[in-house]
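Shown below, as C-alpha cells, is a lone chain in the form predicted alone; questions about how it binds or moves come after it.
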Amino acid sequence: MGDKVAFIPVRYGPQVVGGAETLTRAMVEELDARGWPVEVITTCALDPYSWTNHFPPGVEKVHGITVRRFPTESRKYTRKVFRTETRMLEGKRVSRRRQEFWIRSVVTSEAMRSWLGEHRDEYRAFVFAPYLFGTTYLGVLEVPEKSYIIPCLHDEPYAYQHIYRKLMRSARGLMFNSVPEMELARRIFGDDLPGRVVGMGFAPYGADGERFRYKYSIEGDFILYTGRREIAKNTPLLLRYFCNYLENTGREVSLALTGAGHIDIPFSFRNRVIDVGFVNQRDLRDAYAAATLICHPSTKESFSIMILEAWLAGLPCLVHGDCAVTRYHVESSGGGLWFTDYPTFHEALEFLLDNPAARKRMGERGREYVLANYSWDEVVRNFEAVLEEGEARR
C-alpha cells in the first residue's frame, strides 16, 4: 500500500475562489510543510459555472506540490437534466435512476475516474471535496475502500437525495468543518456516520490596513465582504440592505466587496459601494486590518473561512442568523452580531458603527476563539485520526 495522500477538489490553484477549494489548498500546503507525502488530483476547470477546461491536462507543480489535472466532460444541460434539477430544488420526489443520471451531468471526468482505479494501490487515502459534484460521487464509488470526504455540507435540497446518502455511507470517513455541519450530516444520513470535525487551521498574521486604504482610495468607516459575489452567497441581499441603510440614515459609511463574480451596483450608490474585485492574500489580510467590520450574509455555510480570518485581525462580524454555522461561531465566541431581516440588519449595523469599544471587544473575543479552537496542530491530529479510524474499519 502506498503512503501518499491525494486530495481531490473539483478545482485547484491560487487563482481559484471558493471555500472548499481554499480549505483544501490550505490543508494540502500545511501537510506538505509537515513532511506528509501529498498530491492533488483535480480537473482542468477554473470557472465554477461553465466548468470548461481552462488548465492544460497533465502534471504540474503548484507551490512545490504535484498537481494532476484531468479534462472534464462537456456538461450536457439537456431539458431532462434541467427538469430533474428543478424537481430536486422544489423538494419533489426524484427516482434513484434519475438522480444517477443527473449526477453524471454535474462536473465529471472519466479520465480522472479511470486513473484513480488504476493507481489506487499507490495511495494511502483519497480525500474528496466537496460532496456535491460528479467528480466526488464517481470517484468515491471507484475507490471506496480508501475514500474520505470533506463534504462542505449545507442544508439544501440536493443533500436529501438518495445518491448522497449512498455517497456518504460509501466513504471510510468524513471530515467536517464545524459541529453544526456534522450534526446536520448525521440528521440527514444517520447517527452512525463515521468521521469527526477537522476544519482548517489558522495562525496569526501581520497586516497593514493603511496600505489597503491607500491602494483602493477608501476613507472612513467601511464594511467588508469577501468571497464569491452571487445569489447563493446572498451578496445581492447585502447590497440591497446596505443601500437601504444609506437611504434611511444618510450616513457616510462604505461597503467594499472583494472576490470573484459580477455585482450590479446601483448608479446612485457607486460612490459608497467599492468593487475591489479579486485580491491576493496580502491585500485580503490588509483589508481585514483596515475594515470597520465584516459582513457575511450567506445562509448556507459549512465553515466560513472569511469570518475566522477576519477575527484573527480583531475584526468584529455581522452574520445572517439563519446560517447555523456562522451563528454558532458568533454565539460561541461573542465575536459579533447577527441579523435575520432588514430591521435587525439596520439595528445591528448602527450599534457596531456607533460603539467602537464594543467592536474592539468583539474582535478580541473572536481572535481568542480562533486561536483556541483552530490551530493547525489540532486540525492535523483530527485529520490523521479520521484516516486511522477509517483504516481500522477497512
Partner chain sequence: MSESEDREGRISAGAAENLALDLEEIDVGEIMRAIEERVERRRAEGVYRDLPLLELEDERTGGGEAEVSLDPLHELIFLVQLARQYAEVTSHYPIGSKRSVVGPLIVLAKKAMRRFMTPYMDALFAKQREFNAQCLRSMETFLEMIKRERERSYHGGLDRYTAWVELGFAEDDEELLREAARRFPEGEVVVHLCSGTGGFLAAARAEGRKAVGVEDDARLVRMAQERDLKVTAARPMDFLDSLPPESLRAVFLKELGERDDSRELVWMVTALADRMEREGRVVVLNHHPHSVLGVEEAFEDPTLLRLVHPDTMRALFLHAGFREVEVTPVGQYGEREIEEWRKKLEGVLEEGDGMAELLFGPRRYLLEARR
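Bear in mind that the values here come from a model prediction, so they are computed numbers and not experimental data. Numbering follows the first chain given and starts at 1.
The same protein has a further form, the form predicted in complex with the partner chain, not shown here; the description that follows concerns it.
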{"query": "Interface stretch in the predicted complex with the partner chain - options 27 to 35, 329 to 337, 50 to 58, 64 to 72, non-hydrogen atom within 4.5 Å", "finding": "329 to 337"}
{"query": "Triple contact flag Glu21, Glu145 and Phe189 to the partner chain in the predicted complex, non-hydrogen atom at 4.5 angstroms", "finding": "no"}
{"query": "The partner chain contact at Leu46 in the predicted complex, heavy atom, 4.5 Å", "finding": "no"}
{"query": "The partner chain contact at Phe101 in the predicted complex, heavy atom, 4.5 Å", "finding": "no"}
{"query": "Exercise: Glu118 in contact with the partner chain in the predicted complex, heavy atom 4.5 Å", "finding": "no"}
{"query": "Touches the partner chain in the predicted complex: Val81 (any heavy atom, 4.5 Å)", "finding": "no"}
{"query": "Listed residue (Glu247, Glu183, Glu90, Glu156) with a non-hydrogen atom within 4.5 angstroms of the partner chain in the predicted complex", "finding": "Glu247"}
{"query": "Residues within 4.5 Å of the partner chain in the predicted complex, restricted to 201 to 233 and counted by heavy atom", "finding": "Asp208, Glu210, Arg211, Tyr214, Lys215, Tyr216, Ser217, Ile218, Arg229"}
